[in-house]
Structure formats: C-alpha cells, structure tokens
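Taking the form predicted on its own, here's one chain by itself in structure tokens.
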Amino acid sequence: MEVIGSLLSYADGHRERTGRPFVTLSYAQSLDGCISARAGEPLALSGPESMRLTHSLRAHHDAILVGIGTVLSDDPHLNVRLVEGKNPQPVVLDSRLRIPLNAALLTTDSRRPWICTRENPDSERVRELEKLGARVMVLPSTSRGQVCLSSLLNRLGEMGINSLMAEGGARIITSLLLDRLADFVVLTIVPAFIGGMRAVSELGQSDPQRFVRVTNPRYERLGGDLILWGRLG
C-alpha cells in the first residue's frame, strides 16, 4: 500500500537527525472515536484486510509499544503473522511491573519484551521477569507517576531503535499526542458507532491553531474500513 511508502520516506534518517526513533501511531477506531466498548475489554474492530496492513506495519518497525492495560486485557503476541516479515521488539510501559508471568509475551516464541518501569522497582519482581527473558528498563517518571515517554524515546534512540510503532492503549495514544512525540499516524476507521472508550482523552487545547493535525492526509478504502494516514504536526 501507498501508506508504507509514505511512512518509510518520512522515517528515513529520523533517528540520526533527532536522536529518537520515528514514532508511528497505529490503531483502529469507530466513527465516534472509540477503541473498545468498555475499558479493559478487548474488541476486534479491524477487518481482515486492515489486520494484514497492521502486521505489515509491524514488520516495517524496529519496535512496537503498548501499555500494560493492553497486555492485561488482550494478552497480545505483538509479532508478525499475517504477512512475511521480521518481528518488532515488544516494548511495554508498566510503571508498577504488573505484567503477568504467564503473559504471551513472556511464554511464547515471540521476542521477549523490554519492560519499562519507573524508579525503584521491586527487585524480586525484576529478577522474576529477567529469569523469563524480559529486559527491565528503569526510567524517570512523570509527576503523575507514569514512565516518562520522552526519556523512553531517548533511551530507545541510544539503543539503535530507528522506528517505533505505538498500538495503544488510550493512555499511550493520548500521551504521545499531548507531548507531541508522535511523528506519523495510520488510523483505521471502522464504519460503526460504539459509544464506548475513546482513543484520545483531553488534550487541553481549545485554540484550533494549537490542535495536533495530520499534514497532507491521505486515505484509502481497505475492505470495509477506511485507512487514513499522514505526518503529524
């Protein structure tokens, strides 16, 4: 698809220029902006064609980022299955190290996750996770007690990660937009109204001049869904 070509052209040389990986937001939502019917309950929105695009996007990124809420509700593998390609490195934001020891990311053939947590984690829990092959990365926290995303991107850049795909959940999507840390978006829009949990929360802007916008947006119908993509600015 054309979206892959656009993504690769924008991402080329980004880490060398900024010191950070190129960040792509990629998720599916309903017409009313919802990603699930209720918080904590997974909901498969994308059609089969859109799911293949998601897996192709995974194959074109070095790493993939989700929050602990996504792990607890979906138990994802975060690998590439529907197309040919390499698996991205899973990165999980988990400020309290709540990831279950029997999570798919820790027990299947997927690449073992890098688990990002805040200062002074429980040392015994760290040992348990490392014994299962995970890498625990301790990072500064925000005033809200969450892992600082800016610090995470700096660390990933230092580790040679050129591109990062963020699949959610809502808190990560909102935080990346709020802090203007996302560079590109690939949005799957499903023609349905859900009235559930919205993908983006309050961004604190009422001035249209300060809205996060998609510059030069492109779109294409894929199966029963609409795919919209473009650079974020």
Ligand SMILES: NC(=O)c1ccc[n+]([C@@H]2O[C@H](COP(=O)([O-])OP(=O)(O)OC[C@H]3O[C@@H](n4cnc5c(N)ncnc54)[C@H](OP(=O)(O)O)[C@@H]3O)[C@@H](O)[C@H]2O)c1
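From 1 onward, residues are counted along the sequence shown. Predicted model, so just to flag it, every value in this text is computed and none were measured.
FYI, the form predicted together with this ligand isn't displayed, but the following is about it.
Per the 4.5 Å heavy atom criterion, this ligand in the model of the complex is contacted by stretch 142-150, the sole one of 142-150, 129-137, 101-109, 82-90. Annotated contacts: T70, D94 and S175 all touch this ligand in the model of the complex [non-hydrogen atom within 4.5 angstroms]. Interface residue among I35, L53, I64, A182, judged by heavy atoms within 4.5 Å of this ligand in the model of the complex: I35. When this ligand is considered in the model of the complex, I189 lies well away from it, no heavy atom lying within 4.5 Å. Contact check for A59: no non-hydrogen atom falls within 4.5 Å of this ligand in the model of the complex. For the chain shown alone, V200 is not a contact residue for this ligand in the model of the complex, no non-hydrogen atom being within 4.5 angstroms.
Using a 4.5 angstroms threshold between heavy atoms, P42 counts as touching this ligand in the model of the complex. Heavy atoms closer than or equal to 4.5 Å to this ligand in the model of the complex belong, across 1-32, to the residues Y27, A28, ordered by sequence position.
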